[in-house]
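Shown here is one chain on its own, the form predicted on its own, set out as structure tokens.
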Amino acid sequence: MSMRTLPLVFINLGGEMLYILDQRLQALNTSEDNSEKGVWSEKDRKRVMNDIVGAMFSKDFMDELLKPQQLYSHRTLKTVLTRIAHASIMRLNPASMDRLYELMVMAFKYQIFLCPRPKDLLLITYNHIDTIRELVKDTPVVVNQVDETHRKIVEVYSSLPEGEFQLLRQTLLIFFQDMHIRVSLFLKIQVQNPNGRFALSTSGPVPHGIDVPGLIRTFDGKGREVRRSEFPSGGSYSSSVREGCFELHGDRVIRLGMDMYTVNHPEETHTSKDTFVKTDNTPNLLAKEELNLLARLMGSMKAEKEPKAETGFWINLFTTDQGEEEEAGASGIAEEPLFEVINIQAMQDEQVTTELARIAGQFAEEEPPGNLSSSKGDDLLAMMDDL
């Protein structure tokens, strides 16, 4: 297990979280028909982004994160990211964070699978950092925090040998190996199977510094080439693209790690140029539908003005995948399920709650009825104590 995995996991998952939250706040800034202004202003969106990014890239936190250490568990990592999200005026209930964390994990797992070389994990991380820097470009103090963290990442990881990067990638694959959550965006472009596993392509450019497979060269005892023969490689491969820039600023070449929810930067890879990836210039409707799905899961994001306190808001997520499955079916890729699907309704309906309370009351002969509603705003420190 690599002792240098945690910083990359945190930055990449944090970047995916910021992509989703930023797009939702932008979408809710105006009504659907643009007839009236929404409940969130551009100033509110920028404030949320600045607060979260400032907390993510704080000096003390990053210094501690960059120390060699074992990778956190999913539960601990989710708790830390929840605390980061709550550094702003936004609040996420546990169900919201569960679903958000699943989307973040599957996006990063997909990027790891398509990473051409183990070392290119740094390019994915740098793409996240570059995009985060763009989100807070109007706040120099926060930009300086991001730049300082970027310099530390370059300093720590640029000197690692290739074997360490291979170990780092293997650690990440083990960490995510049991995560098979279906995401409608991946289902629609057919890079994910109905069972939640990714379908990888056997075509496209080979990694930088690698020859195109299909050629066998035979050498004699003096090292001279004496014969060449070809064999079917089983895929349509092409020559490698140029290597991306590993410095503070530059062209990363690969697009993995960029915001796949925007129409300007749809998710592209240099390892798959077949029908699995869209290559036209039309608006990325799939990304928009994925965000619309998240909006439905979030429910209505309404501002709540607390007395004698600044304005804040809650994001309420429903933990049901019904909308996602309906979208997957509407895309035309619905297949006969290879396994039994069990639907579990995690959101308590009001009528169901009332009925269950009545039934439970019949069994409680002496005990007074307890509080049937659970707080959605659990204290973050209490959540840490549960670990």
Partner chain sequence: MYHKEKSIQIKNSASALYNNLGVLRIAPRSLTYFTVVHANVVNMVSASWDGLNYSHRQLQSKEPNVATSTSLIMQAAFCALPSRDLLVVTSQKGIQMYESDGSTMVYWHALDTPDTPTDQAVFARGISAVGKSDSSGSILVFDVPSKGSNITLSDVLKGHKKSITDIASECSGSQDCIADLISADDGGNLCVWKSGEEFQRFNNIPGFDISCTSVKLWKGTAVAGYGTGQIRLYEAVTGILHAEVNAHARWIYSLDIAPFSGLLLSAAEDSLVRVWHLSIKPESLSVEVAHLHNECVTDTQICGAKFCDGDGYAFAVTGYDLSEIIRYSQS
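Here the structure is a predicted model, which means the values were calculated and not measured. Residue numbers count along the first chain shown, from 1.
There is also a form predicted in complex with the partner chain; it is not shown, and the following applies to it.
Using a 4.5 Å heavy atom cut-off, are His180, Val212 and Tyr237 all in contact with the partner chain in the predicted bound form?
Spot residues vs the partner chain: full contact, yes.
So which of Thr79, Thr131, Thr262, Gln170 reaches within 4.5 angstroms of the partner chain in the predicted bound form, heavy atom to heavy atom?
None of the others qualify; the residue that does is Gln170.
So which of Val154, Val206, Ala87, Ala95 reaches within 4.5 angstroms of the partner chain in the predicted bound form, heavy atom to heavy atom?
None of the others qualify; the residue that does is Val206.
Heavy atom to heavy atom, is Glu164 within 4.5 Å of the partner chain in the predicted bound form?
Yes, Glu164 is a contact residue.
Considering only heavy atoms, tell me if Leu71 and the partner chain come within 4.5 Å of each other in the predicted bound form.
Looking in the predicted bound form, residue contacts with the partner chain include Leu71, since a heavy atom lies within 4.5 Å.
Do Pro232 and the partner chain come within 4.5 Å of each other in the predicted bound form, heavy atoms counted?
Yes - in the predicted bound form, heavy atoms of Pro232 and the partner chain come within 4.5 Å of each other.
Is Phe246 a contact residue for the partner chain in the predicted bound form, using a 4.5 Å heavy atom cut-off?
Close contact is absent here: in the predicted bound form, Phe246 is far from the partner chain, nothing within 4.5 Å, heavy atoms only.
Have a look at 246 to 254, 146 to 154, 214 to 222, 96 to 104 and name the one stretch with heavy atoms inside 4.5 Å of the partner chain in the predicted bound form.
Heavy atoms within 4.5 Å of the partner chain in the predicted bound form occur in 214 to 222.
What are the residues of 191 to 210, in order along the chain, with a heavy atom within 4.5 Å of the partner chain in the predicted bound form?
Result: Asn193, Arg197, Phe198, Ala199, Leu200, Thr202, Val206, Pro207, Gly209, Ile210.
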